[in-house]
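Next up is one chain by itself, shown in structure tokens, the form predicted on its own.
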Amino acid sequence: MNHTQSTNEYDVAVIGGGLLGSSIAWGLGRLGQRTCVLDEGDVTKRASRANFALVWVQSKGLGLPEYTGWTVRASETWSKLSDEIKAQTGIDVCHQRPGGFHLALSEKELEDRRLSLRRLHNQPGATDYKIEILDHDEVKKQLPHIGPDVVGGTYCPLDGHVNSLRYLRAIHSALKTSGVDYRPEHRVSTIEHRNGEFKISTEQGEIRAGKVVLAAGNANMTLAHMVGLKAPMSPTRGQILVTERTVPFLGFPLTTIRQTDEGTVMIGDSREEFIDDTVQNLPINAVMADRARRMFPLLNQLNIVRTWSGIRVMPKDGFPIYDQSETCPGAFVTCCHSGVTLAPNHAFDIAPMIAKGNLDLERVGAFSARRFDQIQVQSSGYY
């Protein structure tokens, strides 16, 4: 397709305007692909509004060693993404990579962490990302405000964080200046593949495109079947507490606590199969708050000013899914939980593959949904 065609005809239609879909669409736009983003709009419950905004490496990859290298790549290229977005839009997404900590409140927690990391790095093909295991005094040198209940922790120099809401605003601004058409209130009902193109039915009419990318989070479960693909998902719920603003005291992000660039402190350490995000589980909030104040006693002085629950986009085994359709050439499915961490990979790696019309299986073949077929065969006793 070329740029002189109807405004309803595109090289690529990306379904989903959250962090994943927007990052891919921006990557396609910078390559000159005539691209549209079909999105429900601000009425949708975006994962970016309920995530912890970490750019995280440590502990990633147990069970799929290829994910260690994929995550390290993202960490190494996040500064490039933030710099390009800032140059294009003037918006600073506040990306920082000081390294990150995971704290333990008992010797058993620290030993369990040690064993888990050992298993992770002993996997054939795993990338070594240099995690240090520290005792209380070593942690206190970097985190002077920790409490006496902290027995130690782990540190990875590749970890960081970002303002994810600002990134979502920035990437949408960048879409506009890159010539990508963002179409809110375009909820997709059906996708048909005919004569080498895709006809996509939305609430606002039909869109046609040479290629289609499914990046609609948990909704990919329904959309994938329309183009001969699979997206096995297991959405979960997480809860987040946010304190009032305070003076900077936490120079490193943690797996469960981070101080934002605006001065608030985010606390989040829960995972539930219950996926109603309209209510709060107060006992879980109490446990999260208690662990946070034991790690940093000064949090006792702060008020919780906001709290919410959100539904996580979660592939069935927690690892990303990238696939292309054999029955509908030009259709791709992309699913991941770590939409913040992996944003540069989606913009700089996945988008060029889609523009060329084929995924590079040497680089992302391990993330195919076909891995779930292998699990089913093994569990049924057929090898």
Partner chain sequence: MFKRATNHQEPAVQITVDGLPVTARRGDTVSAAILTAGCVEPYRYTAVNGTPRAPYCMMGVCFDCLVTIDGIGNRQGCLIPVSDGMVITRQNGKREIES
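Given the structure is predicted, the values throughout are model-derived calculations rather than measurements. Positions refer to the first chain, counted from 1.
Only in words, not in the display: the form predicted in complex with its partner chain, which the text now covers.
- Though its partner chain is absent from this view, in the predicted complex it lies within 4.5 Å of a heavy atom of just one residue from Gly179, Pro235, Gly263, Pro184, which is Gly263.
- Interface residue among Asp135, Glu244, Asp112, Glu76 relative to its partner chain in the predicted complex, by the heavy atom within 4.5 Å criterion: Glu244.
- The partner is not drawn, yet in the predicted complex one stretch among 245-253, 95-103, 67-75, 219-227 has residues with heavy atoms inside 4.5 Å of its partner chain: 245-253.
- Its partner chain in the predicted complex comes within 4.5 Å of no heavy atom belonging to Thr278.
- Though the partner is left out of this view, Val150 does not reach within 4.5 Å of its partner chain in the predicted complex, counting heavy atoms only.
- Among residues of the shown chain, Leu165 is not one whose heavy atoms approach its partner chain to within 4.5 Å in the predicted complex.
- Of the heavy atoms in Lys130, none are within 4.5 Å of its partner chain in the predicted complex.
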